[in-house]
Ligand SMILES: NC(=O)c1ccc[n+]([C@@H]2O[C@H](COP(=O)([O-])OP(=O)(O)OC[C@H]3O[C@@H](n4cnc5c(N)ncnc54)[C@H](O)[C@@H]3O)[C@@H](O)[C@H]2O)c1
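Okay, so here's just one chain, in structure tokens, the form predicted on its own.
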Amino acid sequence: MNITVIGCGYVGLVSGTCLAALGHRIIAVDVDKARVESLRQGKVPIYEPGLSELIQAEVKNGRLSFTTDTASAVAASETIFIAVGTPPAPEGGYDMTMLFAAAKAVAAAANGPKTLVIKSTVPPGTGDQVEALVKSAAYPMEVANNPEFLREGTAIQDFMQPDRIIFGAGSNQGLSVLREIYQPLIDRGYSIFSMGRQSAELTKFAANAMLAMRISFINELSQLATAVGADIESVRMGIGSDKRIGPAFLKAGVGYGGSCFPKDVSALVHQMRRLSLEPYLLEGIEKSNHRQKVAFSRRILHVLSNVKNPHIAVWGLAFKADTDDVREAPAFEIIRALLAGHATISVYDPQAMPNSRTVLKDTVRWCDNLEQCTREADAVALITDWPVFVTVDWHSVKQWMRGLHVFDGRNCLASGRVAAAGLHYYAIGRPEIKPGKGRQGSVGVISAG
């Protein structure tokens, strides 16, 4: 099938490339001329494992091309995916300017019946608004919704081996088109769920809100664990082994970030209030997530309260490992709090340094490697669980440092190795481990490191 994908951001680029890998002919459109030219040369503007290689392969075999000419791309395709950004609006909710503009452009350029598939994350009811916008087009236009469930760092796998694929449409015709597009995945046995547009739109929000809630739930319990002397990692394993609960998204840490969870939870809160529905639970998710970052910062400053002009090495800036995405990254809020506490900050991230510079500017010391970042630091604050941080030689780290404090914001380090190197180990919702000591386990139980 000939398909146009409007928007070469994260969702559009991954989706378009993977659709090409399924055998479709994809024209990817973006208004950014520099980005399009870069993509034509095989240079990918985002870091996503495997994406650059897949783009180059699909361009080479002729199934993927890039252009800035929306009209010609629409005319050449039967189906148009809209995957433009829907950023937060100043008044709350989403700014739908780019999405509505793309829909109008499709309607104006249509040279025959088209199926318009909304891939962008949009509030429930958006499909109806788009349908009204394109109603005056010269040719019939079917509006459908196909939400994405891509995790940064594993996006290609998530697209090609999905937990489920959601189709939202107002007619059998729209569902039929979506089914034809995804037939290669249907043939492999992956689950398809067909529903109305509003249900599909809400499914996307509900999934992200549920995952954010699980993170905030375990993080809130970590505060209690600290207060009563419990170990949140033991609690996590204890409840996660229950088949009704499961272990996913129950890892305590400094809080969630990224382009989806914060924005989607906030948008649901905004929409519920507009409908005179009080978002008791959803509002609590946001507050708990903010408190987790504040608590981590305060703990570091408290431990270093007797150190004059403390120097803190921040390991990791991306909101999660295997991405260069720093949107709503917890590291930024934590760094700002540490700077407000009169600390000097050095930072290092394997992939997110360029994107972070536009946010932090000259407020921190930018480092080229882990050793440079950690030299003469009074404390290490691990924010992102990159493998290079997890597997570091802690005896070397101790030699680099001036102080002896390591704060694990992702509960990902082997506490025994850190302590064996002569360092104090602090984690989220876990008792402190002093230098040379080990974490006490439980008889008959394999406890977390």
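Residues carry their position along the shown sequence, with the first being 1. Here the structure is a predicted model, which means the values were calculated and not measured.
Not pictured, yet referred to below: the form predicted in complex with this ligand.
- From the list 289 to 297, 344 to 352, 242 to 250, 97 to 105, the contact stretch for this ligand in the predicted complex under a 4.5 Å heavy atom rule is 97 to 105.
- Looking at residue 32, you'd find a heavy atom of it within 4.5 angstroms of this ligand in the predicted complex.
- Residue contact with this ligand in the predicted complex: residue 12 places a heavy atom within 4.5 Å of it.
- Among heavy atoms of residue 204, some come within 4.5 Å of this ligand in the predicted complex.
- Contact annotation for residue 142: none of its heavy atoms lies within 4.5 Å of this ligand in the predicted complex.
- Between the options 311, 327, 179, 270, the residue in contact with this ligand in the predicted complex by a heavy atom within 4.5 angstroms is 327.
- The partner is absent here, but in the predicted complex a heavy atom of 121, alone among 374, 222, 115, 121, sits within 4.5 Å of this ligand.
- Taking a 4.5 Å heavy atom cutoff to this ligand in the predicted complex, the contacting residues in 132 to 163 are 148, 150, 152.
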